[in-house]
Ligand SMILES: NC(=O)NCCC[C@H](N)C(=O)O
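A single chain, nothing else alongside it, follows as structure tokens in the form predicted alone.
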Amino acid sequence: MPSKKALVRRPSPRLADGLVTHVEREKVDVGLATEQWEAYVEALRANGWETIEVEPADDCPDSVFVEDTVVMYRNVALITRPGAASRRPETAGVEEAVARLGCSVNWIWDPGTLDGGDVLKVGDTVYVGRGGRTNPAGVQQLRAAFEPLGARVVAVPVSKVLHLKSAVTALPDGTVIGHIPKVDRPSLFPGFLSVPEEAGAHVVLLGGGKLLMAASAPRTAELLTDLGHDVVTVDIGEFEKLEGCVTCLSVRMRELYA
């Protein structure tokens, strides 16, 4: 049955020490970031989502990026094994949260690595970015967990950005959107729409034709509005300094059993 629950996690006081890979480090204002996170959570709630706050992980600078710790498919929660070893302690609190929600819990095991930000679901097709934080063993373990449930798992290369969903996300009709300079092989996606800004490649489907986007992509917001979408924007500038985007700040759980 459809559900609209979203896991979120409050920023760590050590957020400014978060990892950066493809960008130069900038100073992060943790106070401002917390205000932006609260506005992001409120935007989810205002659009019909029940937010569930995972226990904070104050010793883990990147823990606000909760999407990287678990991948949902139907009622199954696949607890990841992040590619950055420093992020692996983040998963314990998320595992507890999904278990409390009644999910069937699976795990990625050594030698596999998988970040949730590398997984894009379009219907029953599950695209997995390989080459950065996610390795071939992680892809294979995800395939073993989800293909018996009806998923079609497709590995795609990622070399220009941190995660697959740093490069591409998908619109409600399944069209994949991305900023061409950041996408390794757009031809791998059956329907692809180029957008004019890097941050414009990141959308969260809120339901009812609404899209949540970063305020830093106004030209893409205009483009998507012209295509008939109802765009909701939030300022997440402090998280963008750490290669974060609107997708990685929550885990949307759409198919939980009642």
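All of these numbers come straight from a predicted model, not from anything done at the bench. Each residue number is its position in the shown sequence, starting from 1.
Omitted here: the form predicted together with this ligand. The next part is about that form.
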- Mark Arg81 yes when one of its heavy atoms lies within 4.5 Å of a heavy atom of this ligand in the predicted bound form, and no otherwise. no
- Would Glu198 count as touching this ligand in the predicted bound form under a 4.5 Å heavy atom rule? no
- Message: Since only the chain is shown here, I'm wondering whether Glu238 would be in contact with this ligand in the predicted bound form (any heavy atom pair within 4.5 Å).
- Response: no
- Query: Is Leu19 a contact residue for this ligand in the predicted bound form, using a 4.5 Å heavy atom cut-off?
  - Reply: yes
- Task: Name the stretch, out of 66 to 74, 209 to 217, 28 to 36, 48 to 56, where some heavy atom lies within 4.5 Å of this ligand in the predicted bound form.
- Result: 66 to 74
- Task: Any residue of 99 to 122 with a heavy atom within 4.5 Å of this ligand in the predicted bound form counts; write them all down in order.
- Result: Gly117
